[in-house]
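What follows is a single chain, given as structure tokens, in the form predicted alone.
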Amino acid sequence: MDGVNQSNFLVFRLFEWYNAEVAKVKRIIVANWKMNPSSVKEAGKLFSDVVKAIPSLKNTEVVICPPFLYLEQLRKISRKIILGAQDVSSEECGAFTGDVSAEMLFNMGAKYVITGHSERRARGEGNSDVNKKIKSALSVGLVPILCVGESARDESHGYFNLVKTQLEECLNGIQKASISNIIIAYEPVWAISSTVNRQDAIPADCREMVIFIRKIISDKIGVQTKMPKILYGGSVNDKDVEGFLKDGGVDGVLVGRASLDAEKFSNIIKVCEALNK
């Protein structure tokens, strides 16, 4: 593979084993509701149904990222689930029509924020834009969830270089300690349900990229610095989530469509909680 030799892969398989077996940290399940549902009443019902369906959580952190205008209402329902946002402005304040600042999101109850999602990138958002948004989020105490991933897998393995570039440019100028607190979400666009002629990803696809991501991050921050958590997001559902959590080398998942079904999403949470016992 371009830029990655076999010895590096063996080293990071061991490194990944260390993270899984020794670190003993909570896994994270993040829901991205996207532009759904259409009313605050529906949002409240979906949120409440998930809260009622899941057990008391000891080993899993659950984050729901609704449209930002629902944040204030949802935070009144339950503290069992943490709230996040789907995007953030790179600007602090001022004449930026339609933007929502990091401070606004934080004050509305968000703790996390998704940055660099493939749907935002498809509409023209570049790595430099994502970099500014991450810095804006960090400045007020929000935890950025940085999405990276290739749109297709070519035989020459050029997709590794694409992900490397995304990581390096999106994390440019960010201190090592802050990178440790960022969450990386590997999101293969070719596996997302909205992609034309999509294909199913398997845990081995995920694990391969996760090892590569850990290598890129460790080169940037050093092996002595705490590694950021890595999630998988590619139309994960209640049927395949166990495989990705067990064999994909990840610390959790980013859930799209399945998070809009309270039963399916709660089942994903239950699977994660059971695996961590």
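What you see is a predicted model, and the numbers here were worked out from it, not measured in a lab. Residue indices: 1-based, along the sequence shown.
One more form of this protein should be noted, the form predicted in complex with a small molecule, which is absent from this view; the next part is about it.
Chemist: Is the gap between L231 and the small molecule in the predicted complex 4.5 Å or less for some heavy atom pair?
Modeler: No, L231 is distant from the partner.
Chemist: May I ask you to check whether I269 falls inside a 4.5 Å heavy atom distance of the small molecule in the predicted complex?
Modeler: Judged by the heavy-atom cut-off of 4.5 Å, I269 is well away from the small molecule in the predicted complex.
Chemist: Please tell me whether any heavy atom belonging to S218 falls inside 4.5 Å of a heavy atom of the small molecule, as the geometry stands in the predicted complex.
Modeler: Close contact is absent here: in the predicted complex, S218 is far from the small molecule, nothing within 4.5 Å, heavy atoms only.
Chemist: Can I192 be called a contact residue for the small molecule in the predicted complex at 4.5 Å between heavy atoms?
Modeler: I192 belongs to the contact set for the small molecule.
Chemist: Tell me, please, which stretch of 32-40, 205-213, 218-226, 56-64 lies within 4.5 angstroms of the small molecule in the predicted complex when heavy atoms are compared?
Modeler: Only one stretch passes the 4.5 Å heavy-atom test: 32-40.
Chemist: Among E125, E150, E103, E119, which has any heavy atom within 4.5 Å of the small molecule in the predicted complex?
Modeler: By the 4.5 Å heavy-atom cutoff, the listed residue in contact is E119.
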